[in-house]
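Just the one chain here, laid out as structure tokens, in the form predicted alone.
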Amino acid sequence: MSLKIMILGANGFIGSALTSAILRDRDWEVYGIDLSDNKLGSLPKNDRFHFVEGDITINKEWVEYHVKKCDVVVPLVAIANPAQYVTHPLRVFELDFEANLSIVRHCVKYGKRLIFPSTSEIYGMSPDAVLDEETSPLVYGPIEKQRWIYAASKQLLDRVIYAYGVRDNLDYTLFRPFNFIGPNLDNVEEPKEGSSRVFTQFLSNVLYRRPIKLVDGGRQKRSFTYIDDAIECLLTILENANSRASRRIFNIGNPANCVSIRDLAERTIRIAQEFPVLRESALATHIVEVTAGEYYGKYYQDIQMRVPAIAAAERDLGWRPSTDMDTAIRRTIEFYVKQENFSARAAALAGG
């Protein structure tokens, strides 16, 4: 089955990994758009990959034309960063909800299949110990806690997509990522305290020998999923335009990799020591505790536990994650160490 896949946000962490896997392991065509292509630069030249440098909020005609042209649309453009939820909530809403709603409506208009990224954040402060796609309640904090605007935007889009499925027979699959980590996660060399993914921040702190700051002691637990496992699940979803994946919601996560943020920090420091270029920096990295108010500001609110139920993906997609926590961390660090710029900076800092 030869497919034409449109990936909005093809240069992002998930988008670049998915694009690479498709071009490597499938015979599908990929039409991608993003603000840059730095994460796609290592891809070998391929006539099946068509990339445009652009902005989905500006290049609207290009987007609509390629929705019409392609078989499947995967919109991965979003602000997915807790610090941004707190400091720029309207920007989050405008991109994550309004811009993506336009994509959803194009899919309805042209009868195209939609593979849409929901989020583990959608469960909010659900009381369920294990979060089920269909039964867990979605519980958010008060309006003044602006961090929930991301989850609320995603939840409303999930409901809109579901409603289009009921009324207009939109063929969709919603997937909910649980803390994906792996190569090309972020630019580790540019420390962005409080505004990058947690593992990226920790590795950056190790590189620069800066204290790792644990919000409220790092007691919060998250389930981390290695990107290769996640992409395997997404490829299976893309291949199954039938009752197994159509009009379904799937958690993509690894319950076995549920660890506290403190545990993640300690593992990152320990495993970084295995790499000679990072050993001294890792040994010099300390852990300190800060309050959520100090780190994120007064509009933040946290969740203590987030563990996915993955029975639906296991049963209906035949998918199960296989990468343990230490291996995921080790492979991610290894990727960065192999980057010339990263290694050169690490060596210079170690020499200093």
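The first residue of the shown sequence is 1; numbering continues from there. Since the model is a prediction, treat every value here as computed from it, not as a measurement.
The same protein also exists as the form predicted in complex with ligand UDP; that form is not shown, yet it is the one meant from here on.
Across the options 43-51, 26-34, 294-302, 65-73, residues that bring heavy atoms within 4.5 Å of ligand UDP in the model of the complex belong to 294-302.
For the chain shown alone, V277 is not a contact residue for ligand UDP in the model of the complex, no non-hydrogen atom being within 4.5 angstroms. Although the partner is absent here, K154 lies well away from ligand UDP in the model of the complex, with no heavy atom inside 4.5 Å.
Within this chain, P82 lines the site of ligand UDP in the model of the complex, having a heavy atom no more than 4.5 Å away. Residue contact check for F250: none of its heavy atoms lie within 4.5 Å of ligand UDP in the model of the complex. Site residues R197, L214 and R306 are all in contact with ligand UDP in the model of the complex, judged by any heavy atom within 4.5 Å.
A single residue from the set L235, I261, I271, L170 has any heavy atom within 4.5 angstroms of ligand UDP in the model of the complex; that residue is I261. Checked against ligand UDP in the model of the complex, the residues S204, S136, S281, Q220 give one hit for a heavy atom within 4.5 Å, which is Q220. Shown here without ligand UDP, the chain has E121, R147 in 120-153 lying with a heavy atom within 4.5 Å of that partner in the model of the complex.
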